[in-house]
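Only one chain comes next, encoded as structure tokens, the form predicted alone.
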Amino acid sequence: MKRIFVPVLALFALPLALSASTYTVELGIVTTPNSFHYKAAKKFKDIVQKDSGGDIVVNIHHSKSVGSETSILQQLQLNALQMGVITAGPIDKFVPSIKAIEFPFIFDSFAKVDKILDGKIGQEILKSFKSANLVGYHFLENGFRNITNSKKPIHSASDVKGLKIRVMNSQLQIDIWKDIGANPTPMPWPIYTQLSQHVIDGQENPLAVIDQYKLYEVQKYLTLTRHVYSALVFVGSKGFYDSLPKKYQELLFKASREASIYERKLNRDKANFFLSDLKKQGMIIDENPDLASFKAKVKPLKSQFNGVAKKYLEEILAQ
């Protein structure tokens, strides 16, 4: 009887112990395991599971398996998901203050990016996520965005006129490309099929995305406009965060910060490689476009800013 009874008790006791001490984080991203989004999520997962002694389990859902970035944000609000790595663009519908860092041509170096996003302005923007029932943990990055297309070389803003360009689901991004003269088309990622079928003429993204998604197969021309610095954000469910013991709340912030710094370095260290590879793949690249013509087109957008987004934008421009 002892040989049978003791293992049976242990069998029933084990799930009870696990259920009492384990938290599960379902983390959504729209990109593939080759992406820096995924590498950041994996780093976050490794830190959280190790430092929690296994009390927190992180499951990564990649390749848009849990929906678009907008859908992920909505699920975070409902605590249907607990974490996401999200591009800043779609966030502005939920957290208007983030529009300040999406304004074109306000960052000319990674040093300025880090000064703003890791400093007072960036931290205040992250704190404002709470008003949308979200938690803004830390900024990581896509990098500087550049335009590609399949029709013709783009050197100045006038060359963009009439091109159907895929943009993020963000009103600001739509307005930027309308002002430049394109026909902006909001569309969730990925977009390879739409480009290959010529549903759209072009798109704009950092070099890493263009290379990793093999857009050179369906886009002939690349122009290094670096028009917008594209931040990513570790975003969380406020409901889930509030349910955690303080030590685990602090752990999520710590892990997000370490994973973000790790991802930024990966992205920046590989920038020259991506440019070189895109050249090898046969893209025709304009490395010195007429940026003044682009800047002149988007300058009036500043007048559309109001409230806290305007305040932060003016503070960034003053630095």
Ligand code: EAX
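None of the values given here were measured: they were computed from a predicted structure. Just count from 1 along the sequence shown to find any residue number.
The protein also exists as the form predicted together with the ligand; that form is not presented, and the subsequent description refers to it.
Novice: Taking the ligand as it sits in the predicted bound form, is residue 37 in contact with it (heavy atom to heavy atom, 4.5 Å or less)?
Specialist: Residue-level check for residue 37: yes, a contact with the ligand.
Novice: Verify the contact flag for residue 138: yes if a non-hydrogen atom of it lies within 4.5 Å of a non-hydrogen atom of the ligand in the predicted bound form, no if not.
Specialist: Contact with the ligand, no.
Novice: Spell out, yes or no, whether the shortest heavy atom distance between residue 168 and the ligand in the predicted bound form is within 4.5 Å.
Specialist: Answer yes; at least one heavy atom of residue 168 falls within 4.5 Å of the ligand in the predicted bound form.
Novice: Please tell me whether any heavy atom belonging to residue 227 falls inside 4.5 Å of a heavy atom of the ligand, as the geometry stands in the predicted bound form.
Specialist: No.
Novice: Judged by heavy atoms and a 4.5 Å cut-off, are 99, 144 and 173 together in contact with the ligand in the predicted bound form?
Specialist: No, none of 99, 144 and 173 comes within 4.5 Å of the ligand in the predicted bound form.
Novice: Where does the ligand sit in the predicted bound form: which of 107 to 115, 149 to 157, 203 to 211, 120 to 128, heavy atoms within 4.5 Å?
Specialist: Comparing against the ligand in the predicted bound form, the contact stretch is 203 to 211.
Novice: Which pick from 189, 94, 216, 241 sits with a heavy atom within 4.5 Å of the ligand in the predicted bound form?
Specialist: Flagged contact: 189.
Novice: Scan 66 to 95 and note down the residues that get a heavy atom within 4.5 Å of the ligand in the predicted bound form; none is a fine answer too.
Specialist: Stretch hits, in order: 69, 87.
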